[in-house]
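In the form predicted alone, a lone chain appears below as structure tokens.
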Amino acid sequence: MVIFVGAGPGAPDLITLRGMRALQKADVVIYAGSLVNPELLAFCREGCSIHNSAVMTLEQVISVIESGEAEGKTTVRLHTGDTALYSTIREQTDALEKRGIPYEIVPGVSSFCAAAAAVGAEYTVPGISQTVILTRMASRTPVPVREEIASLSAHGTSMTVFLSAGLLPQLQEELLKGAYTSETPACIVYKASWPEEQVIHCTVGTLASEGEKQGIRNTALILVGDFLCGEYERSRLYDPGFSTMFRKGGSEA
């Protein structure tokens, strides 16, 4: 059995209980060493075989899994954040299905959630934005043309940009081709939830200069949108004049 586990954004206590218990019973752990906090490996029992996938190819990862499966072992594949975002699990699960190897997936806390918590922000603010775009800049790994930053920016909604901290000048340029302006609020969140977490408030127009000033090159998320500040509407859900299935509002109260 293979268990894919979302390790969370970094802090060891932000892994889920189910994920922690999977690590505790694992015979083999393959973890994304370039991103996953190594402190999480303290949950592994003595004698657990640990492999760092940062220096492995997909074929090597599958080979380790196959060896463990042949010996009746439980393997945990530990990915950063949540497995549903930028984790490459699809190619791994497809490979396992071809080999008839069973697996399950344990979701985790995504770094985009931890980044919002670090800033003290809510992405979906009434009257401001009810949509969140999660994306990244094209680099050595391309993105579909319809998903280029300039196209997505046309919506002007809340946006979180992954895997792009080393491309801030290009990102700033692309963001300004859409509905965002140079004054649109932005934030760089470096290593959200880690002890070295850093929050840099700026605007789209100062994104590149602030990133350069603080020496940000990687392991940071870029948050963009008016949800970061400004006026907003009160939530209808808790408005005394608004009726819900649980309470009567206004003259019906």
Ligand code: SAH
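None of these values were measured; they are calculated from a predicted model. Note that residue numbering begins at 1 and tracks the sequence as displayed.
Heads up, the form predicted together with S-adenosyl-L-homocysteine isn't pictured, but that's what we're talking about next.
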The unique member of Thr75, Ser153, Ser110, Ser158 whose heavy atoms fall within 4.5 Å of S-adenosyl-L-homocysteine in the model of the complex: Ser110
field: Contact assignment for S-adenosyl-L-homocysteine in the model of the complex, among Leu35, Cys44, Leu228, Cys202, heavy atom within 4.5 Å
entry: Leu35
field: Exercise: Lys191 in contact with S-adenosyl-L-homocysteine in the model of the complex, heavy atom 4.5 Å
entry: yes
- request: Mark Phe162 yes when one of its heavy atoms lies within 4.5 Å of a heavy atom of S-adenosyl-L-homocysteine in the model of the complex, and no otherwise.
  value: yes
task: Consider Asp82 of the chain shown here, and say whether it contacts S-adenosyl-L-homocysteine in the model of the complex, taking contact as heavy atoms within 4.5 Å.
output: yes
- request: May I ask you to check whether Tyr103 falls inside a 4.5 Å heavy atom distance of S-adenosyl-L-homocysteine in the model of the complex?
  value: no
message: I need the one stretch from 144-152, 93-101, 162-170, 120-128 whose residues put non-hydrogen atoms within 4.5 angstroms of S-adenosyl-L-homocysteine in the model of the complex.
response: 162-170
query: Within 219-237, which residues have a heavy atom closer than or equal to 4.5 Å from S-adenosyl-L-homocysteine in the model of the complex?
result: Thr219, Ala220, Leu221
